[in-house]
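There is one chain below, alone, in structure tokens, taken in the form predicted on its own.
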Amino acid sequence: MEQIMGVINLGNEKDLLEDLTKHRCQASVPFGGRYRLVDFILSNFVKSGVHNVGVFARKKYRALLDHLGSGKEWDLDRQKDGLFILPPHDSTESYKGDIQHFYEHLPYFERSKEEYILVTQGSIVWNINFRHVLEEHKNQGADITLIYKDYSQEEKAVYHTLDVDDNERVQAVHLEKTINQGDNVFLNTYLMKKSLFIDLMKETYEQGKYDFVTDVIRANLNRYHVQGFHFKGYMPFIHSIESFYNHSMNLLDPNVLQQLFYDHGFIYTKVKHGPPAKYLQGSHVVNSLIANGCTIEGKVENSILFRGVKVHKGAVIRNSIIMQKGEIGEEAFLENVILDKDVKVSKDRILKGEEIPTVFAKSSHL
């Protein structure tokens, strides 16, 4: 679909995952044993035929750059178009809003040949084909299409929401609303013609306004035909450690795993050529996701282990997430915890979280 360019807008990202976003942006948070959250949108773009992708990074993006590289794993290492990383021109200048960031890179938009632009976040866990969004956009004669999802979780959270009529036309945008089940959550994802995007960006910037959702979309509902697109597929809302943990654990359900990663196209990630997992004498693994490169000598139950994790003899891991290159010492006991990358747990150590799991920061020695 060469008529769409994709923009991953990280400028308005919030640090919602506590220690997991202390040294990285939310888009680069590990998920599901092998992936980062940004892998979902990159994979969605590529399977939708979007091959010109700009990543508007603002802060804590070193891990993101390392993960993305040249874009090879997503078929974005191209002579024409491909993956573009676009940080702010001046990192010392105060950030006013995403329009400021877009305006600083105006030549990128003007040089791109695509007719349409789709702007989204980098941390939505979903599997969508944007061809369907473009088709509906054209069929409805819309100027702007906003993608939303009905909220079905019990946990309270704060999101932008939409009011839509029976024809899916957007009647109102509510900002930073505490939502209830059934509310239409705006996914900060919108599609329009690139020429309209540029015109509105310039117009709003020159007025001294800098937030695209507030100062462009919400302010122009009566001026333009703004259409809603209801995404009805599986999509977990991740906005806290509790929701991150719960939706990670849901991946232990084969039906959820199949629906998210396979049924609607594959999700791709950075390739690391490690060996298969090794299950040594005395190991016992039940209902768990074990990534390649792991060495298991102890017991693992209802848990997710990322690449290169070592579980030594007699160690027990239950209901936990152990990220890349973690090492669990002999006879250690872990339950309801999340260990970030490179965490070392010493021999005989006991780590037990409460109902909301305890997070241990990257490279901790416990």
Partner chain sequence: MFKKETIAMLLAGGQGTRLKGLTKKLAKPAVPFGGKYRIIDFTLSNCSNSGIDTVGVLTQYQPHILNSYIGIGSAWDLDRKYRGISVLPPYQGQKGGEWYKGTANAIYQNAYYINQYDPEYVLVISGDHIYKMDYSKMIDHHKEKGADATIAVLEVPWEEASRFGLMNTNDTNKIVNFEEKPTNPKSNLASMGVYIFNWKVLNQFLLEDEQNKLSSNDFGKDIIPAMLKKDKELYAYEFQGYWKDVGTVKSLWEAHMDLLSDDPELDINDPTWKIYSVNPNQPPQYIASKASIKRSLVNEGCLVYGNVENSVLFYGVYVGLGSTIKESIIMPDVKIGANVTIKKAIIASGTVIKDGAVIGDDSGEITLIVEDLGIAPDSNINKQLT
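Residue numbers count along the first chain shown, from 1. Nothing here was measured: the structure is a model prediction, and the numbers come from that model.
Although it is not shown, the form predicted in complex with the partner chain is what the next lines describe.
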Contact of residue 271 with the partner chain in the predicted bound form (heavy atom, 4.5 Å):
yes
Within a 4.5 Å heavy atom cut-off, is residue 280 in contact with the partner chain in the predicted bound form?
yes
Could you tell me if residue 33 has a non-hydrogen atom within 4.5 Å of the partner chain in the predicted bound form?
yes
Can any non-hydrogen atom of residue 201 be found within 4.5 angstroms of the partner chain in the predicted bound form?
no
Spot the stretch among 121 to 129, 287 to 295, 162 to 170, 176 to 184 with residues whose non-hydrogen atoms come within 4.5 Å of the partner chain in the predicted bound form.
287 to 295
The unique member of 208, 141, 254, 107 whose heavy atoms fall within 4.5 Å of the partner chain in the predicted bound form
254
Here the chain is shown alone; which of 264, 247, 193, 72 has a heavy atom within 4.5 Å of the partner chain in the predicted bound form?
72
